[in-house]
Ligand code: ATP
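One chain comes next, on its own, written out as structure tokens in the form predicted alone.
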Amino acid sequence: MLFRDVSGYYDRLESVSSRLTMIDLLSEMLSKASKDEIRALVYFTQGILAPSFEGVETGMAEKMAITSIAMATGFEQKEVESSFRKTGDMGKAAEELAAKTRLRRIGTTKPSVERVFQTMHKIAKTSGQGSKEVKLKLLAGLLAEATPVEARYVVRFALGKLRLGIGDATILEALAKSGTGSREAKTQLEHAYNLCSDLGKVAETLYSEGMRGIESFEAEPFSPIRPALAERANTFEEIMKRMNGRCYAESKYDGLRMQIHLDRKAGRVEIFSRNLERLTEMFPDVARAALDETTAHSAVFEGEAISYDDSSGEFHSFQETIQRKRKHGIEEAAEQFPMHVFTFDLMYLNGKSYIGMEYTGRRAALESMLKEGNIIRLTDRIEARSSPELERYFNTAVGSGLEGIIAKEPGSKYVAGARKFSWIKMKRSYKAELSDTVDLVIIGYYLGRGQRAEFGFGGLLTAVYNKERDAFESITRIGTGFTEEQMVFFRKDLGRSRSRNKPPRVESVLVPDFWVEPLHVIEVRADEITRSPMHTCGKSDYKDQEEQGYALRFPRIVGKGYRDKGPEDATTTHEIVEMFKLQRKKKIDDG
């Protein structure tokens, strides 16, 4: 499949706002790919070279792109910079200059999707002395063969800024239609995706084996599973009602969620975060313990990692625990902040997937594979048959300095990548203010005014994720509560991806000084959820000035920086609506 054809579809997709039209266009494009091309095409459409957990990136910066564009078109670098300043989009600058190139094209090569993709892989894999020059020449070579529209997407992809406005949910629906003729197969495809976190692999399986391959998809080591999530409840009575009068309650730790994969025969262990980021080198003590403190030949299990004071045995706060997540000084940090991993679920053991097994069976198997150890331990739990019993256990957990409890239905299966009432969390924060913190996606920021002018930062515009629309809907502007350190951090970090143009998947009436790609998630606490026409969260038509959306009253950021979550794992519109209902019910109950 020629990259020129793909670029044509991408160009059309950029001008489309209707999600159904997007799905139709994507489906049409995907249907033209062969089974050998579909994996690369899906990755390209996601704007990645490999699944996120593999951490493969081109390593190209804007200055390098400017040099490559100049090499490919014959323009001076200052002329490329001028075009970039005018458009604010390096891809558009490449397109503009490719259309009036000063160099004669050599030959009539028409690069395929596979060739462009493999060249990008070469750029990503090139390292060491002289690597910068090699990267520049590889990118310039592609651009010299590219049409102007192709040049736009080649450069954007190289910089990690494809800007199609298409999320994984939309790609899944288009895949379902292209592979089966109906969008109804999306549910099975999404299940497979949740088991492997690799959309390219799912697409390749569909195109090679059909739905039979998708339906037989199983979890396996070293393909991280998208984590199961818990719902919320405000009362112990509600939890017991949803659990039909019986549940298991586990202690909830305020730590770093880890998914541990091991293969003893290969001597291999991998550790992934909640956001499926590979953490193995950062936690060598945990990796060693996975082999030393279990009897498993192969396994996938998860737990909450939390650091503690070696002399007193007391747990550290999350802010202290997160200091273990670093690239330098790892052994020193391991000594300063030793870890316990409180494991709570098992998804795979000795060649068998446990995803479809009931909770009680998974827990029993988890217990049987653990040795007595210092690092990996089981979460504490009780079996509860009444709300007073559940409340007593909650009070004990909170009194011990823990975050709360998770109630689990005995017969529930592990629901990868979804939030279900088979798991329900109750946290100590539910006793005050808004009944939980929320995780919001940053979609823009404001410049500082008055005393904040020197920091160049005055606040954030944030959003929740609407899963049904595959869009980010604004919910609140956060303008207070920032430390000087945070203001400097946000200005510097968000400034790297700022834009005057609203990102395609963002729905907002408010306009910040600068938009940013919806990539970063922060934890936020507020006094309550209110109705407001100024925010698009929960609106059926975000442009409707009369319809009421949902907003947060007196929001403030929790923690120092970003959460370990992807944007699609942030709090959803549906959750906000449900939290609003719980909040209203609590006000009525409190009289």
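The first residue of the sequence shown is number 1, and the count goes up from there. From a predicted model like this one, the values you see are computed outputs, not experimental measurements.
Below: the form predicted together with the named molecule, not depicted.
For the residues Arg419, Arg264, Lys132, Arg115, the 4.5 Å heavy atom test against the named molecule in the model of the complex is passed only by Arg419.
Proximity to the named molecule in the model of the complex, defined as a heavy atom within 4.5 Å, singles out one entry of Phe283, Tyr253, Phe272, Tyr445, which is Tyr253.
Exactly one of the stretches 420 to 428, 292 to 300, 170 to 178, 156 to 164 approaches the named molecule in the model of the complex with heavy atoms within 4.5 Å, and it is 420 to 428. In the model of the complex, at least one heavy atom of Lys408 sits within 4.5 Å of a heavy atom of the named molecule. For the chain shown alone, Arg257 is a contact residue for the named molecule in the model of the complex, at least one non-hydrogen atom being within 4.5 angstroms. Contact check for Asp439: a non-hydrogen atom falls within 4.5 Å of the named molecule in the model of the complex. In the model of the complex, the named molecule sits within 4.5 Å of a heavy atom of Glu304. Along 307 to 345, one residue reaches a heavy atom to within 4.5 Å of the named molecule in the model of the complex: Phe344.
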